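This document opens with one chain alone, in structure tokens, the form predicted on its own.
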Amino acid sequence: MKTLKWIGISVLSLLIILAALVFFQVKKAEKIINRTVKIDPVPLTIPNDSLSLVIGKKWVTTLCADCHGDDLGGKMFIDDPGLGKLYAPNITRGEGGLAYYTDKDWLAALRHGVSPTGKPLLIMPSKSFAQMRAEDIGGIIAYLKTTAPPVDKPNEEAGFKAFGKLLIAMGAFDHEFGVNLIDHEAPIPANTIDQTPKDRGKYLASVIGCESCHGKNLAGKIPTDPNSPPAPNLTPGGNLGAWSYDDFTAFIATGVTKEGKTVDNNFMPFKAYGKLPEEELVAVFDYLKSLEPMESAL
């Protein structure tokens, strides 16, 4: 009986310790999520000419609509019973949207990953947007402020559950906070004329976020999101080395690789990339094929 009593006390003590650890980790995550970051965005004069609006529409259609909805009026991005809900908000000028955003607010959100209140934005590809040239980031802001159709739609409530907060405290989503990864004093890249398709492809690969998922050298990467599958090697050392351009465009059109694997658009947004002009898809493919073959990092 004494043995059973001590076993019971030990188990209860361990449970109390575990509960305390979880409690403190959840509180740590809440501090990470709700912390305030002071950012003074690098200034940019936002254009209003017709060419800039065309450029902005291309990028908004390609990069913003996949998360925020085809009408940009907001979309539930993650709805996981264990992790919680993440909602990509209404970014139009309509009711419930971001008509109140100033140029400075847009620059802080897009290039620095910080909201007007100073809260870090989660799963906002600001590290990629920070590499955008002035004409591209300026075009995006101009289009969203003046031309994108307004949508009257309130944002849905979202938030992490205890397990999701526990993962944040343990660093599982650290790289999903773009604010942690950006040089906030770096200048906005100047407009440059790309001399070759390869040059254009290198720039495009950087701003559409290839490195974010596939690693700095594009040799593959294990994601921090526990729901996301490993991102494969994109250099000629991986399967892509045996692909033709037709194989590449077939994948972009269908989400099915040459090897017959179907990918999830939530983790590899092939539908969005399929909206890029043909010459830009050619440029991305030429750039990937020109890379030094790397052994998979997975």
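Start at 1 with the first residue shown and count on from there. Please read all numbers here as calculations on a predicted model, not as lab measurements.
Absent from the display: the form predicted in complex with a small molecule. The rest refers to it.
Residue Cys64 is the only one of Ile55, Cys64, Ala29, Ile39 with a heavy atom lying within 4.5 Å of the small molecule in the model of the complex. Here is the short version: of Val151, Leu122, Leu181, Ala162, the single residue with a heavy atom within 4.5 Å of the small molecule in the model of the complex is Leu122.
In the model of the complex, the small molecule sits beyond 4.5 Å of every heavy atom of Arg35. Contact check for Leu166: no non-hydrogen atom falls within 4.5 Å of the small molecule in the model of the complex. In the model of the complex, the small molecule lies farther than 4.5 Å from every heavy atom of Asp49. Put simply, Ala283 is far from the small molecule in the model of the complex: not one heavy atom of it is within 4.5 Å.
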